[in-house]
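Heads up, the chain below is alone and in the form predicted alone; it's given as structure tokens.
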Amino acid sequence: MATWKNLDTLASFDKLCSLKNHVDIAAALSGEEGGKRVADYSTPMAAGLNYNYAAKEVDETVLSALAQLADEAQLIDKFEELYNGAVINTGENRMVLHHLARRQLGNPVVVDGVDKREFYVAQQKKAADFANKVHAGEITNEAGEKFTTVVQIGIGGSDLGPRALYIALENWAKANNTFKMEARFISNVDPDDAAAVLASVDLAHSLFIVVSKSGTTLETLTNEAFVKDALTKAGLNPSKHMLAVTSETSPLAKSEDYLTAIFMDDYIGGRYSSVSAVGGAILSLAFGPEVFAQLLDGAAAEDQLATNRDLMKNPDMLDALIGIYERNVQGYPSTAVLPYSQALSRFPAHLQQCDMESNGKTVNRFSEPVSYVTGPVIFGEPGTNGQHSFYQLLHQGSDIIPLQFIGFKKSQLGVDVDIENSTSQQKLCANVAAQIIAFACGKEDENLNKNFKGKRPSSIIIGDELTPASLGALLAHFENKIMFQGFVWNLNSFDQEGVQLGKVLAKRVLAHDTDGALKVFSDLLNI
């Protein structure tokens, strides 16, 4: 059984700390040796992706120290315990099983006589069968007409991941003739969100998925009521337009208000739930169950790589440990995720939740304070838009912010134009290649306003094309990276107590149970 220890008690961490500022990446990437480094510092991922870390501040000495840290922290042993059903979520006394929704990596996990892999597969089949019947016109509106739009009502993990994945595959599905239904999302309790979405869809031909594990999420139930009101006013029966994704014990599970209920459980946290029914229902309706299955296959293949004890053959653990070096040795406070793909425009927002909700903590898994920094701030936008926004600070700001680029050789739609001897896709790829070198090597100028110090580390994940399989691999890579970092920091990365306090106070405000500053703020907002 793995032993859980704080990072600063590990001898390998002391050695790693002695390697602060060990590598000058500007020098490392210069000349012919720089070209060889780019070719060598690359690790294959699943689905044709590659993780390239040539522009990171590491060399063989640092990588050796990171491998020692991985061994001493027992990262693979802890991952094995996780996917074999150990109670890894100590805060809520739960197992952590999102990997099991993709593939069974280890032993059967049985809870109360239920094989959890069989449970997840059964719910995937239920979502697939429902989607196929909708596509075939076997499930229709009351007039016998096909549904053309699906709208997901959820918040947090019930929105961010599925929305990011839908946007990522929308153009691919259209180019590959698998696009079935337009998908929209309602998340914010701000009434303008729901009103705008409802105004943009044909209610008579729209399905609505209510996603809430407990069946009690305030924002989701409020938006559900908003939608039901709109359907009723349009002369439509809400129960003929709605389905639920929820737990078997929630009040939504057996309600006659829904066409069907597809189940999730307590062992897959919201921010990891895109591979469960939370993402499966809407993506199967939007693109077909086969496309969702391809996404799961890509994720499962990346998970398999994450079981490798050899750091240099485990891109997820390697990325995680380089991140530990940057955060805890180099002292960098943030990480920017920069996809050079418009399809991944919402992927950084999903990773904000996944990373910051998981590892944004100052106590370890035993509820004891830690004396070192943990999760970084995550932010990002797609290139090249970001270049004309916050890259100024990334290049010349006072903080060094590590960068994670994502790039693809081909576009999804294959529609392009050749201008000045290059296509738009070539211009996009040229920009990301140029940015890596510009950040690492900089440019000297006597005019300090035009001087670039460089030494800004980055990595890049490169693939041929963003497909369901490569998207699944990309999703699993970052989930596993977050998991490994949580293990190193000795955190419980699978609860989220930090989101609760505001919710509790909001209920007090709505009940007019306030005094002092909270009452005055409530009065200022006319509550």
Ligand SMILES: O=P(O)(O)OC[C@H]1O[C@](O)(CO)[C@@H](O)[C@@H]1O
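In this text, all values refer to a predicted model and were calculated from it rather than measured experimentally. Each residue number is its position in the shown sequence, starting from 1.
Another form exists, predicted together with the named molecule; not displayed. Remarks below refer to it.
Within 2.4 Å of any backbone or C-beta atom of the shown chain, none of the atoms of the named molecule lands once it is superimposed from its position in the model of the complex; the pocket counts as open. Residue 213 is the only one of 99, 241, 213, 456 with a heavy atom lying within 4.5 Å of the named molecule in the model of the complex. 503 is the sole member of 519, 20, 15, 503 with a non-hydrogen atom within 4.5 Å of the named molecule in the model of the complex.
Listed stretches are 30-38, 461-469, 494-502, 478-486; the contact stretch with the named molecule in the model of the complex is 494-502, by a heavy atom cutoff of 4.5 Å. Using a 4.5 angstroms limit between non-hydrogen atoms, residue 162 is distant from the named molecule in the model of the complex. Contact between residue 376 and the named molecule in the model of the complex is not found at the 4.5 Å heavy atom cutoff. Shown alone here, residue 155 lies within 4.5 Å of the named molecule in the model of the complex, counting heavy atoms only. None of the heavy atoms of residue 298 is located within 4.5 Å of the named molecule in the model of the complex. Heavy atoms closer than or equal to 4.5 Å to the named molecule in the model of the complex belong, across 266-300, to the residues 270, 271, ordered by sequence position.
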